[in-house]
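Each of two forms of one protein chain follows alone as structure tokens, named structure 1 and structure 2.
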Structure 1
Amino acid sequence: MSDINIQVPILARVEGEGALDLSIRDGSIHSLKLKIFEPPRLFEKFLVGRHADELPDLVARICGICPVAYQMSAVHAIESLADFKRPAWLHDLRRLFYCGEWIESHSLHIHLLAAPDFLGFSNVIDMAKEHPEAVNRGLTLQAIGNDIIRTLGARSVHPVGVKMGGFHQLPSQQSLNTLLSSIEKSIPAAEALLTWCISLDRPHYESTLPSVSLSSHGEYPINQGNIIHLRGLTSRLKTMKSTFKKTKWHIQPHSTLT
């Protein structure tokens, strides 16, 4: 059997930087190295000693594609230290804000990063020549996500609207009405996207690794909930570390779970 050597110095269409070296001898993997050379930026250190009010602006810069995730984690962490109970309106607005990011980042990921692989193109510009409808639909949905973020955060990358306990300014009724009507108009596109994704040929893969997720009653959990695992484990966020210690799972010593 012939040997296969694959060296990818720059992984394309991924967030961040990485490289892959793979060598196959006699039909089995001889060596496989995934190198993530994204350099450290040391947020863990320079955040120490900063004023809590600065956190939403500082942590956003961890990632330009999902800054809201970091802003939400930071405000919720500090608010929970202060035993701040989020009123229902704030819960809803932050959820809307975060959904905006999910819509933007998932649309980007599906169309610009992943779909070209499924359909055999090297990038979205080439893919658009043969699948203009799918690409335009993706870009439209990405724009809706960005509109939602912009309505609450003034800009879509590193939005500036979030603060401890709320938002710097609430959107006007008029801007929410405009947003609502454009969201409603895009629902058929979202449904078409779902049908299209299901139709893509995906490899069958089942993992045996223990996977955990958030779970929240009555809503898809993004901003709150308990940690759950298929085999029945449930933990509140505050007791997460001790719960994981009690499992027999191997946890890497450098993991933040230890």
Structure 2
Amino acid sequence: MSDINIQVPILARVEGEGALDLSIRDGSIHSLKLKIFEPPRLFEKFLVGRHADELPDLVARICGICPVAYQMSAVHAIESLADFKRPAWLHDLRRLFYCGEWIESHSLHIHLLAAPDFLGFSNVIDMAKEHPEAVNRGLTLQAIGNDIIRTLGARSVHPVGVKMGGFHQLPSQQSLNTLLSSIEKSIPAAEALLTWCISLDRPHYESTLPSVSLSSHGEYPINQGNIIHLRGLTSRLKTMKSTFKKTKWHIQPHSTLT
């Protein structure tokens, strides 16, 4: 069996910058390197000496697609230091805010980045010629996610509505009713997306790596929960010092990925 060497200098349709080196010998992977060469953002140093109230707006600039994740991490960290107890209404609104980001980000990733590979197209423009309904559905769902972020964050990209302890301004009942109507109308498109994704031909793959995830009782974990993995280790997120004590961080020489 001949050796196979694959080098991809630039990975297209990924959120970030990377490359791939793959070497296969006798039918087994000999070497595999995912090279993330996107430079560090260094926001940790940007934040030193800044007032806590500035953090949500600053960290939102880390990413134009997932700013809510950074905002929630920042406000939860500061609120934990102050032992702030989030009321139920704030928990629900922040969860809605975060779901808006998940909807727009996943819609973009599935339809514009991943689907062309699954269906054998070089890009989403070519895919749209044969599957216009799928592309239109993706753009429609992404717009719904952006609307949710805009309603609570004042704008959909780098939102500015978040503050410690809540939001700068709560949306009006009329704007929430309008948003609810749009979400309800988009449910058939979301259900069609699930059916469509299940129908895609996917390779069977199993991994023995110790996968890590959040776990939370009563709801799908987004903003809170425990860190768990297959070996049974559980670490409460509110005790971040213990979390870092149980976690080893290192950087591969070929990648900036931690």
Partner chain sequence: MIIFKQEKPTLAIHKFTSCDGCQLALLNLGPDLLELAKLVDIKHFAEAGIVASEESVDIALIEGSISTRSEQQRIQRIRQTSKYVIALGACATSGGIQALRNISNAEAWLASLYPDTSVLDSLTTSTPIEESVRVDFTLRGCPVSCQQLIDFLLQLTQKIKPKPIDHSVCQDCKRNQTSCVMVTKQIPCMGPVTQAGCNALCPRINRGCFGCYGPTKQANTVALAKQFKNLGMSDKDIKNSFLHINSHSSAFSTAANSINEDDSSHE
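Under this definition, the rigid core comprises the largest set of C-alpha atoms superposing within 1.5 Å between the forms. The structure displayed is predicted, hence computed values, not measured ones. Numbers given to residues start at 1 and step along the sequence of structure 1.
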{"item": "Pair member which, unlike the other, is the form predicted alone", "value": "2"}
{"item": "C-alpha of Ser31 off by 2 Å or more between the two structures on rigid core", "value": "yes"}
{"item": "Cα displacement of Leu20 between the two structures, once the rigid core is superposed (Å)", "value": "3.0"}
